[in-house]
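Just one chain follows, in the form predicted on its own, and it is written as structure tokens.
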Amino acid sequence: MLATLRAIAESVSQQANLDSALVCFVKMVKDAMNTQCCSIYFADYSQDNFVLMATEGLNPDAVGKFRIGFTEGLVGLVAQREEPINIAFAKAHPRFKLSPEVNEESYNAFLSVPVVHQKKILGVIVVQQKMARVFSQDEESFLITLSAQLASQLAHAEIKEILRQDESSHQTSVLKGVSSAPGISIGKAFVVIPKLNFKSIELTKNSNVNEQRRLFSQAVAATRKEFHTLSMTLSDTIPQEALAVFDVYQQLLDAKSLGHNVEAQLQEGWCAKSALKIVIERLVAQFNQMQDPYIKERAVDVKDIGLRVLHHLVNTEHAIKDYPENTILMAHTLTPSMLAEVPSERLAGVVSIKGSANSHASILTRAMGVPAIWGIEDLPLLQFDDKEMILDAFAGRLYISPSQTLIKEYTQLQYQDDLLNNRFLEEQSLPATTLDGEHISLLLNAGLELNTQQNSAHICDGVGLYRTEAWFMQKGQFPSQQEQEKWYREVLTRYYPNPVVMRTLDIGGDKVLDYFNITEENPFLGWRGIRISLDHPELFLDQLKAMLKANIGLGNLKIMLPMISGTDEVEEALGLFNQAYYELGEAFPEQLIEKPDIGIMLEVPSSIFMLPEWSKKVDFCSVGSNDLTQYLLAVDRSNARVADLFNPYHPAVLRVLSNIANECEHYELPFSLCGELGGDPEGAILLIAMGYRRLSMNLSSLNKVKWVLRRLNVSDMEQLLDECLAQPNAKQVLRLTRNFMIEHQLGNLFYTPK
């Protein structure tokens, strides 16, 4: 049965369009289940009904025409219940609706399952049979499994078809993602070449056969050279017979095999990438159907060769590309290096297929003030290259090929947003003092983008979180102690005399170094933060010494330890710190080396229950609300599938944050917060009401938060907090905070376009 499921999935994925995919689907399911009818209905939310999209067994003339309401018939009942219906006599069921136009009167047995993708009903699959019987549990299980397995694939195909139809009719397509860094950008898409697979290639025609043949020949030649180089490189390290595999690869690239088949597709009008896709997928399918294990294994070789040729094809096309004036960068998974390659004056927005609004890469876009959305449907990215787009990162919407009317509307909205930001800038040099005279220290989360904070020292009270790993991520190897000292000295000098809290190296999770690869099944629960530093004392001592030397003559350094879960880690880290301090004293007896305050981050749940111990061991603590929320709610904050569950306004998170503030005040332990929550005006209001007086945030958030705080009383914030802590869910909390802002004439902050 597993082989059948896989065969259906592969066959559907190889179809050129949605219609052929669905025709293939219903035929294969009907044959696999040995029944007489299989049909699939798709939900049309614009008309609140289901439309028959494909069938094997019903009237073929009804396809695309027959519709049944969301609340009508057995199809509607399956969608309403969101569970299967399996009955022997369909016509006897009270919800059965006779529809003569589909010719289903002769069928009795009825089994149907919903197609659900990300909580949304996409459609309904129905199998029917003339003989009255209840389908077996195995048959029901098969159909449920097939529906779950193909839901995302069908959603993927549906969106591709919508895009294709909209392009041919010059209509605008709209895709939905998760809003990250707010803002509006209008520009052209620049697709960063994804980790290629043939699913990312959209089948397209090209009438210039000679040009496509030339591109394909170039790619094959580059692949041949690549295999030759690999063979020469390995010739001294592996047996000669093992090298024979490269000879096989070279033969497969010959004109008589791969080239001949691709040429046939080029003659039919397909572009080089499409022709290669068709040929490779066909060959892989043929090999997979073989019974002989050795021959079957050749499917892997064919696919590998095809991907290598494809890679050279796409590289050739992209080699001559320039970044548009207003670049909307699109990537499968955004990385800091991708952002760094785009000239800052040309980068208008970011769209990432994978990841979420809470990942570190997303935090980077907020630090840069670049509008960004995440978690868009997994699509063939190359289809979007060079298309006109509007990125609405307030509402999390991406408009492809927008109309002139829509562009004009969003240009005006962009202008209004700029006016609001100008109001924030007018007060950026004023103190962050509430109406009732309470001063709030607003500090920067810095270090992610190494140049954005150059002129920010005069508008903040220092740096509450300096992410030292940003320097490490831009290097090709671990930086020397001298390099680190130079970097840290620049930062400490820039913000002097205000304090700079430097966090020791915090890698792992979704922050990786190219030269220090960490592969784990659960990276956020694995080797990261202080755990890596303690396992590599040579790296930790180098960093501590660089910080201490950079602080000589300044004295505004504070050091913070990440991912602390227990006292043993703190004691071991303090031991290494003392070692670094005394070794420097011996090496530089003429220098006065100060001992800075040492603090910890509260981000692991165990650490928040250790505040009595921390008050005796460290000088301060800072709440990392991003990771703390992730661990409290058991939500991977980089996973777009569960992005909606990551919510720092969850009552449990707010109650924990309030308890931390109360306990820190009780034990007289200085505390602050450096997570993204503090950079959200509503979040800042609740935190101040809890007792937090030091909030660290991205530069793009600081001016907005300051502007809001200068218009409110702490006493009003405290009243709001009491109501919020009593709420059962985040939705109710956000409703209260939104109403509070509107009541205090701050509702314009929530203006959401469209």
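In this text, residue numbers run from 1 along the sequence as written. Computed from a predicted model, the values in this text were never measured in an experiment.
There is another form of the same protein, the form predicted in complex with a small molecule; it is not shown, and what comes next is about it.
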Location of the small molecule contact in the predicted bound form, chosen stretch of 433-441, 473-481, 596-604, 282-290 [non-hydrogen atom, 4.5 Å]: 596-604
Would residue 363 show up as a contact with the small molecule in the predicted bound form if we use heavy atoms at 4.5 Å? yes
When the contact criterion is heavy atoms within 4.5 Å, does residue 465 count as touching the small molecule in the predicted bound form? yes
Contact of residue 332 with the small molecule in the predicted bound form (heavy atom, 4.5 Å): no
Does any heavy atom of residue 674 come within 4.5 Å of a heavy atom of the small molecule in the predicted bound form? yes
212, 625, 147, 551: which sits within 4.5 Å of the small molecule in the predicted bound form by any heavy atom? 625
Which residue, 354, 511, 303, 650, has a heavy atom that falls within 4.5 Å of the small molecule in the predicted bound form? 511
